[in-house]
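Below: one protein chain in two forms, given as structure tokens, structure 1 then structure 2.
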Structure 1
């Protein structure tokens, strides 16, 4: 079975203005719109395109988190995923835990490819894909901007500081999706209705032999400093004088 595993993380929608709780213990999520992590959405779109080319037989979406994550999994099913797996837990999920759970599922499902977003927009860790490849003992290609599947190999173009780099890796493998890999499709109402009938499995982390462990603790959250108003100057000389007064020139 040529199967692709895709991660789906529930995050605050990227259009929402983030507000920090008054006591600094986190960000306000009550009544806030939640969505699929944009990079995971791109990863899912790429998996669906690979399947539509006849190079894969099934796309499985996976989300780790509380019961509310099923909303995002239904979105993934509406986009075209064949089925979903929800690892339900209220524990804090760090990249290491997510990678271990994805590893167990990759082995259970016998996947040929695991595609994850390069990072989540809530913590920006950029670690899960790399950790998954290490645990799985399989090749990885990160920051992918183009993916081509050729038999038992994948040709991946990735974005690096110096430009573009092309890697040829053996499958099974792990690929992390970058912003320019594709543009996710728009979900239509008929697809949303069909998604309600697709299988969504709910399991506990213990069923996969993994116990979530919190290794890092956020001590305090602070909002970014407010921008000060700009200063109007009459001419270049006044601008230079003002910059010198601030020690900038």
Structure 2
């Protein structure tokens, strides 16, 4: 079966204002809204569109983390994923561990494609997709803004510093989703009801032969240095005079 694996990370919602705990041991996450990592939502949308074009038959959503991750997997199922796998663990999951788990699942599920968000908006690491591709020994097309599947190959347009780069890759492969790949669909109420009946498998990392390791240990968290508010100028002349005084224009 032609199958696509998609990552679904549970993260603090995009709109939550992040604050560092006063004792510097982390950021405040108690009682804040949690969501699917926006880049993973884009990854899932792309997988669904490939399936809807008849180029894939099944979309499998994977989340790694504590029991609450099932909320985000249900969202993924409501969006249209066919089934979900929850790798349940309370351990700290570094990108290296996430990639090893995804690799085991990619092999178990014999997928044609793994699509993951280019980065998670909590740790901003931007690593898992690339690491998965390396462990799997397969191509990676990161920061994708356009994906075209042609048989056992794909043509992927990537957002790079210089502009837009196009790569041709052999499948199976890893694609990481950038912002402009698509606009994810909204979930409709009947789909939420239907999602409750879709299969959600829960497994332990050990069942996949992976032990989570923490190699970059958090020592402390600090709030960022604040820029102080400057001055308001009344007109363009005053602005130009001020900038000239500093040699900036």
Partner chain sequence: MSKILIVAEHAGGKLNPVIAKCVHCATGIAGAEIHLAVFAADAAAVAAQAAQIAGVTKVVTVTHAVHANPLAATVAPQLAELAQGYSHIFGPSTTFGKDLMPRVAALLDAPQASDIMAAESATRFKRPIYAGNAIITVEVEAGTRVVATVRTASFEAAGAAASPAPIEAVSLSAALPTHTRFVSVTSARSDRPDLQTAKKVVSGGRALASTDNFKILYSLADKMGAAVGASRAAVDAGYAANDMQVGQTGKIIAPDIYLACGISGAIQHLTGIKDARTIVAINKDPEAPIFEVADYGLVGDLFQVVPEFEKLISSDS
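Rigid core here is just the name for the largest C-alpha set that superposes within 1.5 Å across the two forms. Just so it is clear, the structure is predicted and the values come from calculations on it, not from any experiment. Numbering follows the first chain given and starts at 1.
Student: Which number goes with the form predicted together with the partner chain?
Tutor: Structure 2 is the one predicted together with the partner chain.
Student: Please say whether, between structure 1 and structure 2, the C-alpha of residue 241 moves by 2 Å or more once the core is aligned.
Tutor: Residue 241 C-alpha, core-superposed: shift of 2 Å or more.
Student: Core aligned, does the CA of residue 227 move at least 2 Å between structure 1 and structure 2?
Tutor: It does shift by 2 Å or more.
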